[in-house]
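Only one chain comes next, encoded as structure tokens, the form predicted on its own.
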Amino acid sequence: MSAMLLNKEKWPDFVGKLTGKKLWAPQGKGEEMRFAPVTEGEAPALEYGNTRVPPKQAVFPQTETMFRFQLGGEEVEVPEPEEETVLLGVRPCDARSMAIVDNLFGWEEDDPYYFKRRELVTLVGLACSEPGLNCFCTSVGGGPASTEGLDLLMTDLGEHYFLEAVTEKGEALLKEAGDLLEEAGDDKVKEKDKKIEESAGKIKRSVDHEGVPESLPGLWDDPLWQSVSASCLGCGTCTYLCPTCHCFDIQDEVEGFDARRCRMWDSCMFGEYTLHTSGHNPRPTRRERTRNRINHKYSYFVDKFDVIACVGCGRCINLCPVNIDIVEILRQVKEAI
């Protein structure tokens, strides 16, 4: 695949080439940064870490209408996905999360709502030059310049962006921007490789998950689940803002005779999530719900799809209001097995 250079002076022109499609990029300030549509004439800056809300909402909306209908009627209206969308400035961990979640939505039967959006989305990634304090992507199969899930990867080289096409979609974007780009010589390739190596060296946190997927079920009644969940508020932040979490609820909403069936994000950390109509709840306390969260990511998903459902982005650690730390939980799991 192609490798090109983009002089940063031409960055606004490059963004302009993309606004022919629906363009999303990080918007906002500081901790409130999230992906949102870019209006024509804007040239988004990319000096930020991970957005608070992962860009999974572009393919798996927080609330999604599945179909509309009239009460008493026989016809249903199924909304079609919107136009082609480019996600600009996606961090490698977030792109990799979409590749991981593809497994679930393609399990046995393809989810048409998810994959129609997925086909329309082009992911333009930005390699991490300054990993976050709680990042541990290199422990779970990723890296600050991982290309898994991406169509195009950008690496910041100071005065230039180094652009690498990963898929045919990425090649098409490079072709569209052809007059703005220049060939990347061997010296720039070496500079890019060195930059990526330096970035990986800045990641200070890690998890040792060897043997964890096979051993977690044997810790079902271990007291560690009580201790690690003791401070949990059950707020669901760790799952709502996790790029690989995919749980949803489906509801019918009615206003007059107009109705719709929709699905929306849900969380296994909520008490109602597993509450039966009978009143029985197989996960009655936060102990059981915390145990399920860790088992799902590091055991059940691995058993089903042979990949850990965690990309080491650190959001659940950074944003937990009571400082629950998944790296610390996994350390205790390793000690217990």
Partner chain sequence: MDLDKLRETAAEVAGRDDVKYLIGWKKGSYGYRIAPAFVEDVEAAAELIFSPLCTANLATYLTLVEKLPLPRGQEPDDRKVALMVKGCDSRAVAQLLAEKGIHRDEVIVIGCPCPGMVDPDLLAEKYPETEEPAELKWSDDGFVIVRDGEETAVPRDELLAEKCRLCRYPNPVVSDIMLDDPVETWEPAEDEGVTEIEEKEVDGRWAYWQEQFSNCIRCYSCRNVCPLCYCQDCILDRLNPTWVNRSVNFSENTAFNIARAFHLAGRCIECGECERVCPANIPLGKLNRKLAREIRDKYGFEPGLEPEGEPFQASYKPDDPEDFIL
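Only a predicted model underlies this, so the values are computations on that prediction, with no experimental measurement involved. Positions refer to the first chain, counted from 1.
There is another form of this protein, the form predicted together with its partner chain, and it is not shown here; the text below is about that form.
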**Request:** Classify Phe270 as contacting or not contacting its partner chain in the predicted bound form by the rule of any non-hydrogen atom within 4.5 angstroms, answering yes or no.
**Result:** yes
**Request:** With heavy atoms only and a cut-off of 4.5 Å, decide whether Glu47 touches its partner chain in the predicted bound form.
**Result:** no
**Message:** So in the predicted bound form, is its partner chain close enough to Val15 to count as touching (4.5 Å, heavy atoms)?
**Reply:** no
**Asked** Does at least one non-hydrogen atom of Leu133 fall within 4.5 angstroms of its partner chain in the predicted bound form?
**Response** yes
**Complete:** Picking from Asp187, Glu83, Glu198, Asp249, the single residue whose non-hydrogen atoms come within 4.5 angstroms of its partner chain in the predicted bound form is Asp249
**Request:** Identify, from the list Cys235, Leu174, Ala99, Leu224, the residue with a heavy atom within 4.5 Å of its partner chain in the predicted bound form.
**Result:** Cys235
**Request:** Sort through 85-93, 136-144, 149-157, 226-234 and report the only stretch with a non-hydrogen atom within 4.5 Å of its partner chain in the predicted bound form.
**Result:** 226-234
**Asked** in the predicted bound form, which residues of 268-306 put a heavy atom within 4.5 Å of its partner chain?
**Response** Phe270, Glu272, Pro284, Thr285, Arg286, Arg289
